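Only one chain comes next, encoded as structure tokens, the form predicted on its own.
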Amino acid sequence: MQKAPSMEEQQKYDWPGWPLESNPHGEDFDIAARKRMVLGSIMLLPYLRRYKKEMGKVILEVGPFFNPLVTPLEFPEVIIFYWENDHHVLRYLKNRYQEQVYPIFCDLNKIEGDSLMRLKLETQRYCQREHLKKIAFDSVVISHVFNYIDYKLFLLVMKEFLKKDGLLFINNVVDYGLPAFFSERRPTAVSETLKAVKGSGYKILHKKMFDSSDSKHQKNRRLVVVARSNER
């Protein structure tokens, strides 16, 4: 029998817009699943710390949800952008970090056409506030997002926004997360993901795979990648 969550846990994981009490996704997104999600995401943090001196002054985290890895506390004196498609998350991030970060709505399933143009305009507006002449991120971080998007399109689109020699950090487990929101264009294997990263013009600096510690809920291995943009 599963142990009832403490009041502290209830407050920590009962996220706005995603209430535990009326969770329609069952064990895919109960409190245990949310804990696994957060713990899995922070497995990328040691690599961010390892490359911290090379990550530059303008960093984008894509899909940070309620537990961003790139924060003002972890990265002081850095200009932080978040691209996120959940309005509850955007409000949460604005309230939590006030003027220290720039949360921007980004429909990650439509990063082309008019939707991409709106994203550019909104991001450029905040870049101007920071006296940046154009959108040019030194580093981009994306954790637990590839299963929900056309990840190959994302890799190509980011070439336009990431500086030459900029760093890309990826954390993903194939078919792990909320199946109700999975994209048909998600990665199907680690080898496919690595091939797509290289084929999109990134040089892989570091890759590591981790065996799952919970085969019932996470059947596949976790992939962590650090790559450098070779083209712009």
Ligand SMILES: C[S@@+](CC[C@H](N)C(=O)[O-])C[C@H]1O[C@@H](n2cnc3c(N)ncnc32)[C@H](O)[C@@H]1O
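Start at 1 and count along the sequence shown; that's the residue number. Keep in mind that what you see is a predicted model, and the values were worked out from it rather than measured.
Omitted from view is the form predicted in complex with the named molecule, to which the following refers.
- Message: Residue-level contact is defined here as any heavy atom of the residue lying within 4.5 Å of the named molecule in the model of the complex; does Ser139 satisfy this criterion?
- Response: Answer no; every heavy atom of Ser139 is more than 4.5 Å from the named molecule in the model of the complex.
- With the cut-off set at 4.5 Å between non-hydrogen atoms, does Cys106 touch the named molecule in the model of the complex? Yes, Cys106 lies within 4.5 Å of the named molecule in the model of the complex.
- Residue contact check: Tyr148 to the named molecule in the model of the complex, 4.5 Å heavy atom: Contact with the named molecule, yes.
- Query: Is Phe169 close enough to touch the named molecule in the model of the complex, meaning at least one heavy atom pair within 4.5 Å?
  - Reply: So Phe169 does not count as contacting the named molecule.
- Item | the named molecule: the contacting residue among Val58, Val190, Ala196, Met37 in the model of the complex [heavy atom, 4.5 Å] | Residue within 4.5 Å of the partner: Met37.
- Heavy atoms within 4.5 Å of the named molecule in the model of the complex: which of the stretches 63-71, 201-209, 160-168, 48-56 has them? Comparing against the named molecule in the model of the complex, the contact stretch is 63-71.
- Across 79-107, which residues bring a heavy atom to within 4.5 Å of the named molecule in the model of the complex? Sequence-ordered list: Glu84, Asn85, Asp86, Cys106, Asp107.
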